[in-house]
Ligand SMILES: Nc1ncnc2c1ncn2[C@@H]1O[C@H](COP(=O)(O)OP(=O)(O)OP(=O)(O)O)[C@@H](O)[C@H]1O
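Take a look at this one chain, the form predicted on its own, written out in structure tokens.
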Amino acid sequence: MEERMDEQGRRGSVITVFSTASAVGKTLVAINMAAELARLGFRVCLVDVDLQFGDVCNYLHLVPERTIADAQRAAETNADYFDVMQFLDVYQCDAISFSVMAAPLRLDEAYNMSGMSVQHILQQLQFHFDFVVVDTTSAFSETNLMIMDMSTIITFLGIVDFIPTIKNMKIGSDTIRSLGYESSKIRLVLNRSNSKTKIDLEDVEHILGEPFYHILSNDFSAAWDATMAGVPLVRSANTALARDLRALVARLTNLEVEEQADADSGVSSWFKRIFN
């Protein structure tokens, strides 16, 4: 999955977190994916493309100096001297550090953002980071479709609570697959898996036509505490949800495969990384 631009011409990977419903934990998952990738030593940028009502900075207790709207204006004013790195804030929590590009602060700025501008900004970020994690709106907008096209992985997040939510998840899943992406690009992730519901998980997977790629535990208390404190859950692995989020990132980056191979060969993962 390494696509960061280097002397061989590779670019950083884009991981997009998308859903067809609101209030499913999309921003929480995006933040923790970025934090976990940073904890593992990758250069990471988290981009809030919920242009009207983005909450990434609120979750992280960041007060952004510049936003993606400022980046768009700068790129349009003087493209030859546009430096995307000037429009980032840095989030720091203990040893975890990653960059953040904030959503616009005003609604009129959001309305003036174009899909092409967002795509250009993300492409510029790929030159500087190993991973660009994108938090999106819950809609098949022009901007979101452009982001999906350029994504390495689309993490399609859903919950199993009400029939309308499952219906929207089915429509969203079918729509994404109708776009012609390779099946490996789309990862269906279930959030709040053990929430109190009479809907059977196997029935939902039958409706969707595939099993969930990964399942996240339901832990509202841990998620709430982390959000109120402005810290990622993956900062420590003392809750089931934090461990599930860590495991999701390990799967997406194939680290669990590497670690198992190291264990089978008797070589520890950290030892291998130092001497490779």
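If you're wondering where the values come from, they're calculated on a predicted model, not measured in any experiment. One rule holds for the numbers: they count along the sequence shown, beginning at 1.
Here the subject shifts to the form predicted together with the named molecule, a form of this protein not shown in this document.
Comparing 66 to 74, 204 to 212, 246 to 254, 217 to 225 against the named molecule in the model of the complex, the single stretch with non-hydrogen atoms within 4.5 angstroms of it is 217 to 225. The partner is absent here; in the model of the complex, the one residue of C57, L28, L51, V231 having a heavy atom within 4.5 Å of the named molecule is L28.
For a residue to qualify, one of its non-hydrogen atoms must sit within 4.5 Å of the named molecule in the model of the complex; none of T16, V47 and L145 qualifies. Contact check for H120: every heavy atom lies farther than 4.5 Å from the named molecule in the model of the complex. When contacts are judged by a 4.5 Å heavy atom cut-off, N191 counts as touching the named molecule in the model of the complex. When the named molecule is considered in the model of the complex, L241 lines it closely, a heavy atom lying within 4.5 Å. In the model of the complex, the named molecule lies farther than 4.5 Å from every heavy atom of S141.
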